[in-house]
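We begin with a single chain expressed as C-alpha cells, specifically the form predicted alone.
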Amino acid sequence: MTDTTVTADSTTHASERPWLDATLPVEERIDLLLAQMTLAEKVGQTHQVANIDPDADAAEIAAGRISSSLYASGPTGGNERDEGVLVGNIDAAQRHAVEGSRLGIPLLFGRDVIHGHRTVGPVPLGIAASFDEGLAEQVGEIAAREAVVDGVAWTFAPMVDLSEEPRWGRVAESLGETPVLSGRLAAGLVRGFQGDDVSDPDRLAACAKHFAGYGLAAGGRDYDTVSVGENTLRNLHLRPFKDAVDAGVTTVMAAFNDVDGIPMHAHEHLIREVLKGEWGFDGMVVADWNGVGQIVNAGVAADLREAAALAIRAGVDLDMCGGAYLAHLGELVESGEVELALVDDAVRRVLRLKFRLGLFERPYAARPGASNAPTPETREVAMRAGQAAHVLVKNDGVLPLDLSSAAAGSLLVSGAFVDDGDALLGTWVLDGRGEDVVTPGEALRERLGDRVTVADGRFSDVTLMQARGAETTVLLLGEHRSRSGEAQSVVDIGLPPGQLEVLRAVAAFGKPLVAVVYTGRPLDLSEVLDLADAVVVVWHPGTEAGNALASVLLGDVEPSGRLPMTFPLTTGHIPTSTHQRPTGRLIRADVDHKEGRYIDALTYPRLPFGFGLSYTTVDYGAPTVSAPTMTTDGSVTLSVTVTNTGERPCREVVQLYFRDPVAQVTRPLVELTDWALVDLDPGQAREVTFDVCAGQTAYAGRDLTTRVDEGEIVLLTGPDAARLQPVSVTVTKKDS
C-alpha cells in the first residue's frame, strides 16, 4: 500500500525543530528534543488516555499533556461514537499535536488487534495449534496492513503468558503452555506485525504481554495474585518474553498480578533490572489498564502519588488510563522523591518508539480510497489458519465424510454455531464483522446442496427428530466467544449447560455422530469422546470458519492441528500440563490404573499436549543420534524415520522433547524443545533430523544463572507428549 501523507511543518520548522531532521540518528533526535522539553511536557509523554476527542481535548493535546490513545479507529470523519468510542478522530487530534503544540510531538494511537483486524484469524491458541511460525507471521502481517488503514500504529499483542489453567479465560489469547512454542510463535507474530522495519507504513508496533507470570493467576481468576519463585519464572514464564525481545518487539506490557507479593507495576527487579538491564530491552514498557493506580488496591501504596513513584522506579514508562503520572510525576521530581533521570528514561523510550514508527515523518493516517475489507488473498490466509485450528482428537472411521452417493438430507448439521458468524470470531475482536464470516451452515449448504439438512441452530425436539432420520449427524457444540477471554473465567471446564444432554440423545440412535467442539480453552471432553464417533476440537476459527470446517469434514485437507495445551480429565485435575516436575513419589503413566493421587480418578490426561490425529496413520521409528556424547557447547544430530502407513497424505508434526534426569533443580518430566512439520504422501517414509545443541537443555540453576549440566540428557521423539521414544546423550565438559 502506498503512503501518500506528508509531514506537516517538517520543512518550515527544520531549523527551529532540529529533531524533525530524519537524516539524523534516532538517539540524537531524542537528545535534541529532550533538551527542549519542560518537565510538564516530559510528564505528558508518559500519559495515555482511553480515547481522544479532538474538540474537547484540543487544549490538552496542544499543551503536550497527552502522549497516546488506547482506542484508535478511523483517521478522518466526524466524531460519531461506536459503542462509546469516538471514530474518525485520529487526524483531527493529530493536527493539534503536530501543528498546534510547541514541540510538534505526534500522538501514538494503539488498538487491540490480537488475531486479525477486518480479516480475523483463529484465536491465538488456534494459531498455536498450527505449530507454524510462518503462518503466524502471515496472520500478523495481514492484521497490520488492515489496521493501519484505520490509523492504528500499535497493537497490544502477542500475549505470551504460559498457563496450565483452562479455567482462566485468557488462555484463548495465549500461544500455548510451553515456552518454546509460545516463544517461537510470538517471534513470528512480532515479525508479522512489525516487519523488517517498523517504520514501514504498513506495519505496527507489537507488544509482548503480560510481563510476567499472569498465567499463574490463582484459581484461574483474572487479575488475581500469583505465588511463584524466580527460578520457575526464569525456567518457564520469562522465556517467551525473551524470545519476543530477541525478535525485536518494540513494547512490553506489565501484568496486573503481583509476583510473590510485589505488584508487577512496582516490580523494579523484574522490569528494570531483568527486562531492561539484563536483557537490554530498549523499547517501551506500558502499564496495563490503570495498572499503576491498582498498586493502591493491592495495598502497597497509600495513594496514586505513591503508586506513581513506585511504578516509575520499577520502569513502567507509559501510564495507561490511570492518570497517576500526569497528576503526580512532576511534583515527585520537584520534591526530590523521584529522580529526573527516571522520567527522562521513560520519555526517551516513548519518543524512541514514535521515532522508530516514523510518526514524526508521517503523523497523519488518512489513506484516501484505501480499504481494509477482506480480500480473496487475506481470506486464503485466514482459511489456512482456520484449517490448522481444527484438531482431530477421535475418529472411528466416520471422517472424512463420504457423501458422494448420499440421498437428500442424509447429513444433519445442528448446533448453536450453525449460522452465527459472530460467535466464531473468538475473543478480543474489535473490528471483525459477523457479516464477513462464512458460517458452517453457509459453507455446507453451498458444498452439499440438498444432501445436507442444516438446523436453525437451536437444540430442540425437532433436532432430535431430524437426527433420527439422518444417516450421519454433525453437532456443533462448545463455547460462544463471549465465554472466553478477559474476565471470562469459569469454575467448571465442562460443556455449557444442555449440550451433553443433546449429545447423549443423538448418540442413543446408534448412527454415525460427529462432535465439533468450538472453544477458547481446554475443556473436559471425557463424555464427548465416549459418545461421539469422531471429535474435532476447533479453536474459534475466525472469518473463514465455515469454509475451514467444510474442508476438514469433507476431506479436502488433512487435519494437521495439534493441541497447544493439555486437556485435563476434569476440572479437579487442574493444573495439568507438560510443566509437571518429578516428585519424591512419581506417578508412572504405565501403572496409572494402579497408583495415583486421587482415589476416584486417574491422573494422566486423556488428551495430552501436542495430540492430534489425521486421516491416515503414521509410524515412528526409534530415534538415533550421530554421536553418543556432545560437549556443553556442542551439538548432535538426532534422526527419526516417520512413515505414512495409510492411504491419504498428511502433515505430521514431529515433536522433539528432552528430559534432564539429574539437575540442580527439579526439571520437567518432558519439555518440548523443537518440532518439524513434515508432509508425507501415502506410503512415504522420511528421515527427519534435528540439530540438537547442548544449549537447548540450559536452565536457571539454584543461583538463577543459566547453566548446561554435564551428564545424561534423554531426547524423546513422537507425535505428542505422551507417546515418545527415548535416546540418551551424554553431555561432557568442553575442551579447554
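In case it trips you up, residue 1 is the first one in the sequence shown, and so on. Not measured: the values here are computed from a predicted model.
Below: the form predicted in complex with 1-deoxynojirimycin, not depicted.
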Check: Pick from E339, D112, D246, D202: which has a non-hydrogen atom within 4.5 Å of 1-deoxynojirimycin in the predicted complex?
Finding: D112
Next item on the list: Report the residue, out of H267, H210, H237, H117, that has at least one non-hydrogen atom within 4.5 angstroms of 1-deoxynojirimycin in the predicted complex.
Entry: H210
Next item on the list: Determine which one of 63 to 71, 669 to 677, 30 to 38, 701 to 709 lies within 4.5 Å of 1-deoxynojirimycin in the predicted complex, judging by heavy atom distances; exactly one does.
Entry: 63 to 71
Notebook entry, point to check: Should F156 be classed as touching 1-deoxynojirimycin in the predicted complex when contacts are defined as heavy atoms within 4.5 Å?
Noted result: yes
Next item on the list: Please run the contact check for F256 against 1-deoxynojirimycin in the predicted complex: heavy atoms, 4.5 angstroms, yes or no?
Entry: yes
Check: Is there any non-hydrogen atom of E486 lying within 4.5 Å of 1-deoxynojirimycin in the predicted complex?
Finding: yes
Check: Is W428 one of the residues lying within 4.5 Å of 1-deoxynojirimycin in the predicted complex, judged by heavy atom distances?
Finding: yes
Notebook entry, point to check: What residues of 270 to 298, in sequence order, lie within 4.5 Å of 1-deoxynojirimycin in the predicted complex by heavy atom?
Noted result: D288, W289
